[in-house]
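So this first bit is one chain, no partners, the form predicted on its own, shown in structure tokens.
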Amino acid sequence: MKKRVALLGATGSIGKSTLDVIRAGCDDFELVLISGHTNAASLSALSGEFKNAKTVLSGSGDGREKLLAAISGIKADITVNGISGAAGLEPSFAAINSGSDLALANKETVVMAGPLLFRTAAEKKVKILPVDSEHSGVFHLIAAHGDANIDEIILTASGGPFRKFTIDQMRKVTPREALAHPTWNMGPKITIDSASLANKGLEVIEAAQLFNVSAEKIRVVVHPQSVVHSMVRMKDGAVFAQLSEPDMRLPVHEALYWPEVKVSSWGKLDFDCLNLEFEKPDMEKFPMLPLAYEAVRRGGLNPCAYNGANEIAAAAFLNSEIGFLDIPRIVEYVLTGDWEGHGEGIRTILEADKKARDMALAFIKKESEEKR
């Protein structure tokens, strides 16, 4: 029997990778729901290709309500959430509450609402399978070696396009330069996050929640080739790594077929011409990373505030309203607020997200007015 798949964010980079996997595994999967945000033309083309799938454009009119209703009613076996940003939070919970397993590329769901997410998944007896390449690697390494034997999780970061820049050079970078990622082809927001290392900060928070470890047990190393996606250090000192070409189709494939291991052609390495580099991240040039560690240590709603503030700051930079180095300044300011509560429900989390965004917007407005 084919596995029924709901795909959220079908017109984005994760969505396109997922569609490739589903096309290759057409005997194994039935696509039952496809959503896009505003790209009506692409969604229409997909509806012509996958005629039995329900399609929802979430970014128009009552699209959000239609999407949540569709997720709840479609009865998918597994839902791939490739929606970008905090907009993916409620769809993740809708999928879990419907009884669907969740292949999660939307890291913001875990960052904003990790404890509530895993509690709800346990109540509904569904699995959460990470699709981020780093967390997918850790997930499979833990499955192979056992979490009780692991002493440290090591996440790799490409370092982005400004790894060799000085701080003075970084003050002058443009959105166009920040969107030129050296190894990955991603959407604009996540590409900006990769340039600022906010994406790696979010992944540190995500790893802490996914694998129930403290910030001190998570290390980030810069690895420009993006071939080693993650590693685990065992208690005896041995290190095991997950390696593949930077191709998001592989972690999607692994999540859709889990717990089976199926043949794929995605991400295969050529060891005849492989050179790997590693270095420490520069915490001074990229303060979004230490700010994320601080958010993990403080707990409560600090991770939610980190994400909300960063989304506003990244969007403002893309719109040329602020400079690149203003992104961490805005996030640092927002984290000075009171975030000691706990996300006991979706409403509390969404309220904290709004508060963080409002603080970030007020900060940007105030500084803009002062410069006039």
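This is a predicted model, so every value here is computed, not measured. Sequential numbering from 1, following the sequence displayed.
This next part talks about the form predicted together with a small molecule, which is not shown.
Student: Have a look at Pro287, Pro281, Pro161, Gly187 for me and say which one sits with a heavy atom within 4.5 Å of the small molecule in the predicted bound form.
Tutor: Comparing distances to the small molecule in the predicted bound form, the residue within 4.5 Å is Gly187.
Student: Which of these residues, Ala105, Met112, Leu197, Ala95, gets a heavy atom within 4.5 Å of the small molecule in the predicted bound form?
Tutor: It is Ala105 that has a heavy atom within 4.5 Å of the partner.
Student: Indicate whether the small molecule has at least one heavy atom within 4.5 Å of a heavy atom of Gln242 in the predicted bound form.
Tutor: Residue-level check for Gln242: no, no contact with the small molecule.
Student: Residue-level contact is defined here as any heavy atom of the residue lying within 4.5 Å of the small molecule in the predicted bound form; does Asp132 satisfy this criterion?
Tutor: Contact with the small molecule, yes.
Student: Answer for His342 alone: is it within 4.5 Å of the small molecule in the predicted bound form, judged on heavy atom distances?
Tutor: Output for His342 is no: heavy atoms all beyond 4.5 Å of the small molecule.
Student: Indicate whether Pro224 is a 4.5 Å heavy atom neighbour of the small molecule in the predicted bound form.
Tutor: Although the small molecule is absent here, Pro224 would stay clear of it in the predicted bound form, with no heavy atoms inside 4.5 Å.
Student: Sort through 313-321, 35-43, 22-30, 334-342 and report the only stretch with a non-hydrogen atom within 4.5 Å of the small molecule in the predicted bound form.
Tutor: Answer to the contact question: 35-43.
Student: If you check in the predicted bound form, do His140, Ile153 and Ala208 all have a non-hydrogen atom within 4.5 Å of the small molecule?
Tutor: Negative, none of the three is within 4.5 Å.
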